[in-house]
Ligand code: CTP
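A single chain comes next, written as structure tokens; it is the form predicted on its own.
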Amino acid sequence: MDGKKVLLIIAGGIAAFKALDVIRRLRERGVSVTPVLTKSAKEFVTPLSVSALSAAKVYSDLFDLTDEAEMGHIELSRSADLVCVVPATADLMAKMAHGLADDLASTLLLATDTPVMIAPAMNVRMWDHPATQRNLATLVGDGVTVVGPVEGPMACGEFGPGRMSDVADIVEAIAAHFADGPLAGKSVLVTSGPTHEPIDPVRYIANRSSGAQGTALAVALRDLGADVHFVTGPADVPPPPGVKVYPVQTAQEMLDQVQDLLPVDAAVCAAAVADWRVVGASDEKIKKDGDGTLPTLNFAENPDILATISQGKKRPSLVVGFAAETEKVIEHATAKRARKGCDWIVANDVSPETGIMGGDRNTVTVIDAKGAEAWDDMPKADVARRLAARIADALG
């Protein structure tokens, strides 16, 4: 990151104090930081402390004529290599999503043609509010990279999603943005986690996938410089920083999101998608009658996401699927590769005694047109790095 320029916008929230550490760590890695404080941010951190850590002038007033003469807000918005908002409050996210520009920070964000990254931080109720989630979806659709938030205790005393990501994760996401690896300039789609197919409002069909392998793959691809689009079901592990995250619940939602993201250079379908869904899922919780009568559930096949990608008009140059099997692993996975039309299948035995599904290790066999290549047992992170390197070689 040495020599890179970051325009750091600090919004008004209790997490604003963490922005000071972000500045310090970025400067340690050779990044030049130009800070912008909103009016409310000054209630949490002082311009003096921000200026001292950044060794730069702090900008805050849109109508400061001196600043306009020295560096107009248009120039300021475009002079950096990356614009970061740390923390990104619900208010500022709403302004960004709706194109409002009533202060310096929101004006810079509207005027910039530079990539934007945000680290949201707010009360769990504010984060879960439909308005915030709509704004988040808009920003992701606009190409904004979102880091976090994570789940944890908050200053208000509540617990849940909305806590700003750790400083180390934010800095790592910024580093990943500037990564100059073999996949720099390539876009890679990764699906991960299970899907949840509702039976009624409290029950669903799913599997035991934790999302750990898909998440590790997203990290490995990111570290090689790829622009990673991470479509994840409700996984046990949190999504990684430095990738574009698209949360979904059902197979149909995952397919719709994947199709919206095409075309990409490569697609890695690591998600464990439920094969079936319940037709006519109940809007109310299904109750026991007490007489031993069992409810009747009618099933329909879910859409085949891997086959749709592999056989579609916007087919990536490389499509990688996964095959979780419990018997005849190589035979079934080889047939699946031919049936789906993908380039590679990563097969593994997920029988309960292997501990692979939900565990932190994996034993895979990569099957392509040339045959099957068995890999030794290793941590899922190592599997991900080896597979990412193979993808980089294939994309050339």
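Heads up: residue numbers just count along the shown sequence, starting at 1. If you're wondering where the values come from, they're calculated on a predicted model, not measured in any experiment.
This next part talks about the form predicted together with cytidine-5'-triphosphate, which is not shown.
Taking the partner from elsewhere, Ala274 is found to have a heavy atom lying within 4.5 Å of cytidine-5'-triphosphate in the model of the complex. At the 4.5 Å threshold, heavy atoms of Asp103 stay clear of cytidine-5'-triphosphate in the model of the complex, well away from it. Though the partner is left out of this view, Pro241 does not reach within 4.5 Å of cytidine-5'-triphosphate in the model of the complex, counting heavy atoms only. Using a 4.5 angstroms threshold between heavy atoms, Phe322 counts as touching cytidine-5'-triphosphate in the model of the complex. Checked against cytidine-5'-triphosphate in the model of the complex, the candidates Asp81, Asp265, Asp223, Asp304 yield a single residue with a heavy atom inside 4.5 Å, and that residue is Asp304.
Comment: cytidine-5'-triphosphate is not present in this chain, but in the model of the complex one of Val228, Leu217, Ile174, Cys269 has a heavy atom within 4.5 Å of it, namely Cys269. In short, of 52 to 60, 37 to 45, 337 to 345, 362 to 370 it is 337 to 345 that has heavy atoms within 4.5 Å of cytidine-5'-triphosphate in the model of the complex.
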